[in-house]
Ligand code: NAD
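Given next, in structure tokens, is a single chain: the form predicted alone.
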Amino acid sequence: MATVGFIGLGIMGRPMLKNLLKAGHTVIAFDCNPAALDECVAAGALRGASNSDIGARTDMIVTMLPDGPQVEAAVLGAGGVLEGAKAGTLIIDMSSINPLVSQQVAMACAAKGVDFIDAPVSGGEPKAIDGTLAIMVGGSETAFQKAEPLLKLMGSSALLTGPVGAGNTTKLANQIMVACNIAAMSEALVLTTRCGLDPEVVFNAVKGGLAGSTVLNAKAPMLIARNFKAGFKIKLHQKDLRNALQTAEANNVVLPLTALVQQMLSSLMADGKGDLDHSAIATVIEGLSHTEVKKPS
């Protein structure tokens, strides 16, 4: 069993860390949120004093942070991992960030003899809890092989997709498909509700056909139940689509559907709904149509 550092104890990081503990690993944790750190220490983790302390005490470190600036600060900034890390350390960044930032951080790590891979995940809080995340990895084959046993304690699949940055590029593709799928589902269920149908019956009728998907199975029941408790927050999906659009612009790619859904997410952010589950994309369609998805009265 390895001693693993873990930085970033948010809605995803906490259950991921707990799965490492269940597997028997010693985990040294750090987060700027004292309550989150206390919860993980109570679950059996050791308390880290800082990002650099994690770097000094472990040679395999997982980071699970909101966005690129936080990853840069935690790894490269004052008091960051690289201040304490020794050559040969492996940083596994499981955050969803801009691929260019992943490459920049990897270059800075390489200058100190530290390996870095980007390994963002898909599946939200439920799959983080049960350890069945889909993990998309960018990095060298050697670094991936070193990380793979650890990754498979947190996910049901871990696939090397290319060099550093490829993991986050793949995650952006995933987030585009998820967001557009939720928006299409929303339009479909608003339409059928307005036409007098029971949205639950419609969902059950289509889920076994070509329109069926993991997204539909997870999000349609939430929408019908009016349950927008976050498994994946609006504000995080907005961040992911922003990174997708920036990456597309840098590569001369047009993403019209992504841009449209991003406007829906921005509208929800402006309404103070950034902490709701991304299934709340449907509320934008409902508002425009003056129709709430619900069972007929």
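These numbers come from a predicted model, not from an experiment. Just count from 1 along the sequence shown to find any residue number.
Although not depicted, the form predicted in complex with the ligand is the subject of the following passage.
Figure note: of the listed segments 183 to 191, 116 to 124, 198 to 206, 101 to 109, the one touching the ligand in the model of the complex, with heavy atoms no more than 4.5 Å away, is 116 to 124. For the options Gln246, Gln263, Asn33, Thr26, the one in contact with the ligand in the model of the complex, meaning a heavy atom within 4.5 Å, is Asn33. Taking Leu236, Ile54, Leu268, Cys40 one by one, only a single residue has any non-hydrogen atom within 4.5 Å of the ligand in the model of the complex, and it is Leu236. Under a 4.5 angstroms non-hydrogen atom cutoff, the ligand in the model of the complex lacks Val293 among its neighbouring residues. Using a 4.5 angstroms threshold between heavy atoms, Ile11 counts as touching the ligand in the model of the complex. Residue contact check for Met64: one or more of its heavy atoms lie within 4.5 Å of the ligand in the model of the complex. Contact annotation for Gly48: none of its heavy atoms lies within 4.5 Å of the ligand in the model of the complex. Using a 4.5 Å cut-off on any heavy atom, the residues of 68 to 87 that reach the ligand in the model of the complex are, in sequence order, Gln70, Ala73, Ala74.
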